[in-house]
Each structure stands twice: as structure tokens, then as C-alpha cells.
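In the form predicted on its own, a lone chain appears below as C-alpha cells.
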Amino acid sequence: MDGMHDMGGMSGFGRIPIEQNEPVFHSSWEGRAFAMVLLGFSWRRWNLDQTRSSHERFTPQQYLSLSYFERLVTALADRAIKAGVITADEVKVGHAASPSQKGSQSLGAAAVSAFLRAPRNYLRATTAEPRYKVGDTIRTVTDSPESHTRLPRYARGRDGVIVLYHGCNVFADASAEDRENPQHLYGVRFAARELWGRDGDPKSSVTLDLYEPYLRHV
């Protein structure tokens, strides 16, 4: 999706401000918002790719006017409303309409720790052989899908070299639509000048993890 979130390589926004000794959270509510986003996964109503996709739906005005943590909590509310976990009216008033229902979905301290430490496995079995191998030169597709994709805009239609093979993994594009279509996943290295033109550092490169449907033989 060509949304405002896909800002890699875009110019005109000025220098990125760097704050010396920047704290993890500037305000306590940011920490609570981050915790809510993490623990929202315990409801098992959406996955990581659906979470990313919800951020991509912000308009440019919304994306640029909201802070990082404001976007997190706004997208969380949208997902929770869509999943039927909460209602829009509950968001407006700031509390659950039914305390008993809210309690049934809460986690104790021990459960929180166990949930956060639980291993996640995105590898999937397949009988399909990978089309590419380490050392192959590939070119990325120029598709501009309306749905979720992990191929950044700045890397479309670019030549790179496969440097890693990660096996067959959950395909993020399909996962964002709540379905599985496992695909082979590769680490692809791009020369900086291939991505940025003459302004790219001739000694630098960028390595992206890209799914097989994004790639073509040169």
C-alpha cells in the first residue's frame, strides 16, 4: 500500500531531530499505550501483520499530525472495535460498558510475563522448492498493491543479490488479510547507489528480507 507510512527515501521533510539521552518514554501514558498494544495480542483477534496494516490506513494528515504513540493507540482502538472487543462508544467515554466483561479479558502479572516470553515461530513447512539461491542476482517487482506489502516503495524495480535464505515463512501480505500463504523468504542486498542513485554512498548497501513473490530473475 502506497501510504504515508512508507517514507523510506522520501525527501522534503527536513533533518531527523536527534535528542541526546532520549528516554524510552517521554510520558507515562506512552509506556501504558505501548503495553496495551503488546498485550492486545493476547486477545488473539489480530496478528502482527494486521497491526502493521492498520497503521497503513492513516491518511497523510493523520499520520503526520499524530505522534508515534498516538498512532499506536489509535490503530489499536480501530482494531479492537473492528474485532468486537470494544465499542466506539466505550472509546469515547474511556471505560468499558461492562466491568465483568473487561475483567474476563485481563491478564495477571504472571500471565503477562509468560505471554511476552512465549516463542513465536513464523517458519512453515512446504514442498515447493525455492526459486532462488544465495548469490543469485534478482530484480524486485514494481507492483503497487492496495493491500499490505513488505516491499518498500524505494526498493521496487531494483536489482539486488541474495545473501541469505530464511526458509519458508508466513507471508505477511496474506497474513494481513487473516489467511496463510507461506512463501520462501530471502535476504537481498542492494547497493546504495542502486537505491538512491548518484547520491548513494558507493561503499554502502541495504539488506532487506523479501518474499519470493517480490522477486524476479534478471
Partner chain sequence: MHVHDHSPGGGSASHSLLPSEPALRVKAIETLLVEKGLIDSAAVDAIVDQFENKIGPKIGAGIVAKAWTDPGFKQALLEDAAKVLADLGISGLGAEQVIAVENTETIHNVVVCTLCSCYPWAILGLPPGWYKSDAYRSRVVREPRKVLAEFGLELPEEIEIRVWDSTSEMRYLVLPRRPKGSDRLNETQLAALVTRDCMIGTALPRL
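Predicted, not measured: the structure shown is a model, and the values here were computed from it. Throughout, rigid core stands for the largest set of C-alpha atoms superposing within 1.5 Å between the two forms. Numbering follows the first chain given and starts at 1.
Below, we turn to the form predicted together with its partner chain, even though it does not appear here.
- Although the partner is absent here, C168 lies well away from its partner chain in the predicted complex, with no heavy atom inside 4.5 Å.
- Using a 4.5 angstroms limit between non-hydrogen atoms, N181 is distant from its partner chain in the predicted complex.
- Using a 4.5 Å cutoff between non-hydrogen atoms, Y132 does not count as a contact of its partner chain in the predicted complex.
- The shortest heavy atom separation between A118 and its partner chain in the predicted complex is within 4.5 Å.
- Residues T149, R150, P152, Y154 are the members of 146-160 with a non-hydrogen atom no more than 4.5 angstroms from its partner chain in the predicted complex.
- Put the two forms on the same core and the Cα of P23 is off by 2 Å or more between the shown form and the other one.
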